[in-house]
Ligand code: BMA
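Presented as structure tokens, the chain that follows is alone, the form predicted alone.
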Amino acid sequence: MSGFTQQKMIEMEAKCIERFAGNPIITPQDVPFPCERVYNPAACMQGDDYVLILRVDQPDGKQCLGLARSKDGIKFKIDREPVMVPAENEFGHLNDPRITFIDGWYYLTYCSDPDGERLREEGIYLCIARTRDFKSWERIYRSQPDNRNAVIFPEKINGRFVRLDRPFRRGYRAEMGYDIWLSESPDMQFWGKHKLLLSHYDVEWGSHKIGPAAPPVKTPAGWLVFFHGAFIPESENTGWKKWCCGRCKVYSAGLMLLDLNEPWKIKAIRKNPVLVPHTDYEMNPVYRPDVVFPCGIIPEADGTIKIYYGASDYSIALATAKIDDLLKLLDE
């Protein structure tokens, strides 16, 4: 990846995606229960309400999910208590939620990744829970380790539920990078027909790892899919890095288009990233700079979308775009 820099990526960024001038829209100070960081929100509509499910990292090292509502998709009011807390076998951790509404149910995907020796022994699990009212939750699925970053398509395809996810090996090594896979299920509990959709080898700016971002958006041209990618700038590339809080990885967002009836087929993909960290809140040095991480997208009746994303693993930001403009990017 000779000569590939964050500044070059910023210059590649899609001009048709506009950040909200009032970003960030949610910070830890807005959360009415103990919160150290709030980010990576799932997003959906419930009637006329915009709903965000928030990843909340708490001061004691545990995680939970918060719920926020809004009438305009910008100013959110957060419930005074978490909407979901970890079950006993989730080891105090719930993170990176995504949500999809199908047939009267809101299906929430998230992952559980215990710390220390439990991570070594147990691994990272992909989980699915469902609710009708955001008050009571039914946990219906827990994967084998290791898997995370799942998004569920907003309707059945050929009579089956379909999801994208990012399985990965426990060895964090360059030759074991992370890819995006597709699978199908008759009931959200049994998943099969696994297919490799996109390899990290095919995403220059995501050469460290890639994964699905927000649930796909249906358009006449195909399924519009945002995904995330991370790379290590040459100045910091002193070896394969599993995880770090300092400035070593750059997380950006990309875009591809999948076939409506055969979603394992990529119709188009943008070579360059569409959203790259460069604002102060996306490069916040408090915890983990250089991160934009979309987890929720809400399509509007006027042909635009609201993109909700985590900024620097610390706060939540909003961007907007016209679907037609995004499709034009893929035509290019």
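A quick note: this is a predicted structure, and the numbers were derived from the prediction, not measured. Counting begins at 1, following the sequence as shown.
There is another form of this protein, the form predicted together with beta-D-mannopyranose (BMA), and it is not shown here; the text below is about that form.
Only one of Phe161, Tyr107, Tyr251, Tyr125 lies close to beta-D-mannopyranose (BMA) in the model of the complex, with a heavy atom inside 4.5 Å, and it is Tyr251.
In terms of contact with beta-D-mannopyranose (BMA) in the model of the complex, the residue from Leu275, Ala42, Val291, Leu65 that brings a heavy atom within 4.5 Å is Val291. beta-D-mannopyranose (BMA) in the model of the complex is approached by Arg55, whose closest heavy atom lies within 4.5 angstroms of it. Contact between Asp165 and beta-D-mannopyranose (BMA) in the model of the complex is not found at the 4.5 Å heavy atom cutoff.
When beta-D-mannopyranose (BMA) is considered in the model of the complex, Arg148 lines it closely, a heavy atom lying within 4.5 Å.
Although the partner is absent here, Arg142 is not a contact residue: none of its heavy atoms lies within 4.5 angstroms of beta-D-mannopyranose (BMA) in the model of the complex. Heavy atoms within 4.5 Å of beta-D-mannopyranose (BMA) in the model of the complex are found in one stretch of 276-284, 261-269, 301-309, 32-40, which is 32-40.
Shown here without beta-D-mannopyranose (BMA), the chain has only Asp96 in 78-102 lying with a heavy atom within 4.5 Å of that partner in the model of the complex.
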